[in-house]
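What follows is one chain in structure tokens, specifically the form predicted alone.
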């Protein structure tokens, strides 16, 4: 089965194309046929890129007016005789869509029909910057691909196993009942992929181990997964809560907002800009939200760059310790995403002191694993420390195959 995976954002559409099946998923033999992106949609110069197996990579810069043209361009690139991989769009058997927010309605991925489509739209107020673009990607590809089945894969779904004691905020209960204010969690597809990968790597059933998964990129979150189910996760009602991130503050005292309003006259729009765009690593360091630049600056004795890294790693350690207790013990701690996979410095710093819960770092192993999958704990470590590159797209492809297998 050939599955197109779409991630539609505000000004870009990322895509991957897989050849897979239920049997391939079980055996880990699925094939990525192509990947690419259309970006800077609506700007004077847009960019389209594709890389297909056995074909030269293709890139072109020209105007792409809107998402309709962008998705049409993706289909055209996939079916191009020179650098594409299929003869025409009829070879696309199914489409999997990343959808950021499924609210409490969606606890797993599902085929998109009229009822599901309406329910996804009802979640727009919970993710006004993301769901509308995710929905637009579905609407356009549905119109372009006729009767091809479509599947929605939700960032929030994996976290819906949390107990009320973990997801209810200590606010007036009406806020939850009437306004749907609660912890939802995000990066769920990534957390689910690496948690599942642990089971496959160590030949364990999903209900046989506890794992803490740390998705560390420009956006960062951490999840406690006990016996295959999420017990808690750091992001909350929005992706702002939790760990320090590239430009987001993570956990703060909410009274700070009232203080800024009363003393500095900062309005809601101004607060939103500060908390989401001017805080985190860039706010502390004054240099960059790119961890690679901060590591370089810290090596040159820049005090604020070092402080940003220290705070970033401290917050990770604090959550790991709390989640180990919340689950009644942990067997694996996994680092993933851009920073987690590629920075042995951050992995090492974030793991300091974890001997208290039985996790001991082998620094030589740690340094050897940038961009690679493996274990970097010592042989006598009771808790295994791992690097597992995430692959959200392949999990979306898996879910799509499983959802449509009864239809084809």
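Keep in mind it's a predicted model, so treat the numbers as computed, not measured. Residue numbers count along the first chain shown, from 1.
There is another form of the same protein, the form predicted together with adenosine monophosphate (AMP); it is not shown, and what comes next is about it.
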Original post:
If you check in the predicted bound form, do 67, 71 and 134 all have a non-hydrogen atom within 4.5 Å of adenosine monophosphate (AMP)?
Top reply: no
**OP:** Using heavy atoms only and a 4.5 Å cut-off, determine which of 343, 351, 46, 366 is in contact with adenosine monophosphate (AMP) in the predicted bound form.
**Re:** 343
Original post:
Given that adenosine monophosphate (AMP) is left out here, which of 238, 218, 302, 148 has a heavy atom within 4.5 Å of it in the predicted bound form?
Top reply: 218
**OP:** Examine residue 289 and determine whether its closest non-hydrogen atom to adenosine monophosphate (AMP) in the predicted bound form is within 4.5 angstroms.
**Re:** yes
Subject >> Contact flag, residue 50 vs adenosine monophosphate (AMP) in the predicted bound form, heavy atom cut 4.5 Å >> reply: no
Subject >> Contact of residue 337 with adenosine monophosphate (AMP) in the predicted bound form (heavy atom, 4.5 Å) >> reply: yes
Original post:
Does adenosine monophosphate (AMP) come within 4.5 Å of any heavy atom of residue 295 in the predicted bound form?
Top reply: yes
Original post:
Which of these stretches, 159 to 167, 250 to 258, 319 to 327, 210 to 218, has heavy atoms within 4.5 Å of adenosine monophosphate (AMP) in the predicted bound form?
Top reply: 210 to 218
Original post:
Though the partner is not shown here, which residues of 40 to 64 have a heavy atom within 4.5 Å of adenosine monophosphate (AMP) in the predicted bound form?
Top reply: none
